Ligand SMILES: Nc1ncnc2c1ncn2[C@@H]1O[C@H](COP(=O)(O)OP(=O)(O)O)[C@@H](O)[C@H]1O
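This document opens with one chain alone, in structure tokens, the form predicted alone.
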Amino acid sequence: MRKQTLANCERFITEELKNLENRILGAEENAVRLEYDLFVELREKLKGQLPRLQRTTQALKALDVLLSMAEVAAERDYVRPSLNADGRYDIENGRHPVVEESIGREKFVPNDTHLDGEHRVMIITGPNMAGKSTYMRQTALIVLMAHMGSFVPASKADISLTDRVFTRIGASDDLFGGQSTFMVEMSEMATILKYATQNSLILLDEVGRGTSTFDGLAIAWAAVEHIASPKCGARTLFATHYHELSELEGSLNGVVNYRITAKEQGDDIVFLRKIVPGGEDRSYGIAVAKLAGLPAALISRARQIMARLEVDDQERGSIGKSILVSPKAKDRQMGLLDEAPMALANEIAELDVVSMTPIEALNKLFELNEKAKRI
């Protein structure tokens, strides 16, 4: 049978070749149709077994999670935590599971955490880079791991049943929303204080740092008072460089001071990464700036400025104590006999110590000593 006429030839085909051509051209379409028919048939069979398949899937998911947690617990020496309903967090030698794995178990310094009804708010002070944020986050992670049924990185852990874990850590802004870093921080604080309960755990890091010193200190101080009050009562880790907040221990129920230890070696600092009771009155920010590689001249000038600021601060007295003093005590008039010490203090404040030679400084010190004796 003639099939096609070309320029210089004719093409012919037989019935057998025609049937073969049809089978070849229709093979792909038939394969797709057959595959779909098989898929529909399999789907209908599985549909009747769906409950069994879902139960199997859930069991495999749970087994995978439990196996993973058990394997990690065995490899990294985790312990089984206990749970209580007393609002008590008692963690001994707690560790950060991620940081520990990153730097090595032998290099990580474990720390304890103790929070209860009598010690609800920990004011944590200490140098920059000393490990305050790591300590707070490891506490939150241990609490979360205990609630999900996992062993935890500690030598002992008794964890209170916790309804929420709130955090205010780090700095970020919302440019598209027109919110500054400080506004974002305050919005997050508002949410925390609105929803936190006595069964909540709060982590606050450097609250109030995005505004002026006095504004920030006032907000941080008031926040601690609110959290420690019976209205909130949440267990809280509050890391801050406002050392004035240390004054709250002993004057506000439930507030205790802790600090991250460090050791000075000349102008340098060594971080010991251990948290101990007590407050810290220095942040060692200049030492950290030196570690970061800031120019030596800048570091030297910063130390001079810091020395002057510390003298001014000593003359003013403790800001924290002034907040705790009653208005009547603060409004007391200066006595007539207080005029001479004030004049001497003003004279000292006006000294240009940086530009004085050693002999000039000794002579001035002798002169001031004589004046002090006459007062």
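All residue numbers refer to positions in the sequence shown, first residue = 1. Note that the structure is a prediction, hence the values are computed from the model and not measured.
Keep in mind the form predicted together with this ligand is missing from the figure; the text below concerns it.
Note on the interface: of 292 to 300, 228 to 236, 100 to 108, 157 to 165, the segment with non-hydrogen atoms within 4.5 angstroms of this ligand in the predicted bound form is 100 to 108. Proximity to this ligand in the predicted bound form, taken as a non-hydrogen atom within 4.5 angstroms, holds for one residue of H119, R282, R273, R88, which is R273.
Put simply, of T261, T134, S200, T211 only one has a heavy atom within 4.5 Å of this ligand in the predicted bound form, and it is T134. Taking the partner from elsewhere, V143 is found to have every heavy atom lying beyond 4.5 Å of this ligand in the predicted bound form. Shown alone here, N128 lies within 4.5 Å of this ligand in the predicted bound form, counting heavy atoms only.
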